[in-house]
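Next up, structure tokens for two forms of one chain, structure 1 and then structure 2.
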Structure 1
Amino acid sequence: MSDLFPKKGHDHDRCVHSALAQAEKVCDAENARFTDMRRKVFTLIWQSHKAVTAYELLDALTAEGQRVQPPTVYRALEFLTELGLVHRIESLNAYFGCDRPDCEHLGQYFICTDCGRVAEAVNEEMSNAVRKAAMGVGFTIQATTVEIKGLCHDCATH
């Protein structure tokens, strides 16, 4: 069994650092501006491997001394999701950093209801099953939402 979820106690600074580096690249490639606000929001999202709500981000920014209003956060989130740097988790109304923003993909999200962590999979068997089912009923896919709630391996065994 390969655990999708990061090891507890891993060097998380490296996750953040590498995510930032990837984000820079993507923005660069798209000629999009990775402004201070967008970077702050992106970094806050990467402070954990959990999904973060817009208002949690708002509070965190406020705690940092910024005076920020909801539209500011939602704009940053819109920018980040459109570039694929962040995904929205529909069943949580929350946002989660993507660790492969450089390639198009239909992701699937595992959400642990115990520890709150989220992991993104890009599983071809799932994607293909969805594509095939759609094909079978003459449905043209525009977007998919696959969110799986339950217990991560750590939480199930400890």
Structure 2
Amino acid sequence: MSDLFPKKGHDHDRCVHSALAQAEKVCDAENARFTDMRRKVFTLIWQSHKAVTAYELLDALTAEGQRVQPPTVYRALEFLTELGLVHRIESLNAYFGCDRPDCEHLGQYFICTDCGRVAEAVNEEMSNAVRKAAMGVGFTIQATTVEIKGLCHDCATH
């Protein structure tokens, strides 16, 4: 069994620190400004392994004393999504941190319907099958979202 979902009690600060380091490298490579607000939104998304809505981000920023309007959060999310630093989970209208922002990929998202955690897998066989099917009908892929809902290991065993 793969460790897609982190074990309970893992060092989450390490996840956030690693994600920030990767984000900074991507921004540097793309010559993109990782502003304080973009960094804050990114960090809030990485605070858990759950998908976070724009309004949850807005509430968290407000609770920290930030005076932020929804368009500011949406602009930060657009920036982060365009650089591949976060993914939008369509069915939840929420965002989740990407742990592979330095390479283009078609991810598959496992969403636990009990605890709300999300994990990303990259199965090249599945990705290649999607690409092949698209090519077979002359279709140009602009975005792909594969969402699989069920129970993570922790929730399934309780």
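Everything quoted here is computed from the prediction, not taken from an experiment. Here the rigid core means the biggest group of C-alpha atoms that line up within 1.5 Å when the two forms are laid on top of each other. The first residue in the sequence of structure 1 is number 1, and each one after it adds one.
Of the two forms shown, the form predicted on its own is structure 2.
Residue 141 shows a C-alpha shift of 2 Å or greater between the two structures [criterion: core-superposed Cα displacement of 2 Å].
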